[in-house]
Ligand SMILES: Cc1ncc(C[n+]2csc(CCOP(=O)(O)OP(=O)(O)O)c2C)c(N)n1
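Before any questions on how it binds or moves, here is one chain, the form predicted on its own, in structure tokens.
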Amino acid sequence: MNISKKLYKFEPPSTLKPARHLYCSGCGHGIIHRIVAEVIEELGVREKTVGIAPVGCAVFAYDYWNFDVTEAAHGRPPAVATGIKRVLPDRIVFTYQGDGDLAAIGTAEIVHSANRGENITVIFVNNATYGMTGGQMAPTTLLGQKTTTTPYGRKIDADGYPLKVCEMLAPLEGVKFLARCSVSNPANVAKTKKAVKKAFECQVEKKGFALVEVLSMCPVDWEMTPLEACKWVDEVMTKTFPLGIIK
């Protein structure tokens, strides 16, 4: 029996620099970078896109994206994005933030930017830990999850509940699109790209604030193998943070 074989060559988008990333093995940031880069290229907005990366693992983004990226103080990307967008309304402005940045020190920034309906896009990477600084408990750390600051697991009486950012922002009138996705398997990667593209289209069409939360793996801080981390996202993390279109 003759079986025809097709060879597929997947070229990186021009919106990605030909650089080797510094993320840990099994980390989801590289996948999310690729998704964002592909969406910007497909929408044809590379030359007028401005990304904002804060403190944390996200700070390396300017080394990998081949378009304008600026840095912001910890938690302040929505404020910086607001300023850029208002001064240069023709630009496509987005923030790329982790959970420690967006959901902790930057909570006020994200809430008020969303409430004002700023016409920006937010990519929110949730790996339930402070990835860069040593694996401390984040606002999104799950109940019972062990971290360097919760060695016996997160407890309600001492640490409260995991913060659900999408559900918190959903009632705000300025918010036009909210989705929670993951990059734990190929099917979810495809869904994440669709949601990210929708969020950018929301800005292109001047509809207002859009945010995509992406559940991402952090095998090193979780003390898991990359495969175990993917399974943990699918089987454990999604019970606290269910996937889907929130608004």
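Note that residue numbering begins at 1 and tracks the sequence as displayed. If you're wondering where the values come from, they're calculated on a predicted model, not measured in any experiment.
As for the form predicted together with this ligand, it is not shown, yet the points below apply to it.
Asks: Since only the chain is shown here, I'm wondering whether P77 would be in contact with this ligand in the predicted complex (any heavy atom pair within 4.5 Å).
Replies: Judged by the heavy-atom cut-off of 4.5 Å, P77 is well away from this ligand in the predicted complex.
Asks: Using a 4.5 angstroms cut-off on non-hydrogen atoms, would D99 count as touching this ligand in the predicted complex?
Replies: Residue-level check for D99: yes, a contact with this ligand.
Asks: Is T148 close enough to touch this ligand in the predicted complex, meaning at least one heavy atom pair within 4.5 Å?
Replies: The answer is no: T148 has no heavy atom within 4.5 Å of this ligand.
Asks: Tell me, yes or no, whether T133 is in contact with this ligand in the predicted complex, where a contact means a heavy atom of each within 4.5 Å.
Replies: Judged by the heavy-atom cut-off of 4.5 Å, T133 is in contact with this ligand in the predicted complex.
Asks: Please state whether every one of the three residues K85, S113 and G208 places a non-hydrogen atom within 4.5 angstroms of this ligand in the predicted complex.
Replies: Looking in the predicted complex, the three residues K85, S113 and G208 all stay beyond 4.5 Å of this ligand (heavy atoms).
Asks: Counting only non-hydrogen atoms, which stretch in 86-94, 173-181, 99-107, 154-162 is within 4.5 Å of this ligand in the predicted complex?
Replies: Result for this chain: 99-107.
Asks: If you check V189, A61, A37, V55 against this ligand in the predicted complex, which one has a heavy atom within 4.5 Å?
Replies: Residue within 4.5 Å of the partner: V55.
Asks: For the stretch 19-52, I need every residue with any heavy atom inside 4.5 Å of this ligand in the predicted complex, listed N to C.
Replies: Only a single residue, H29, comes within 4.5 Å of the partner.
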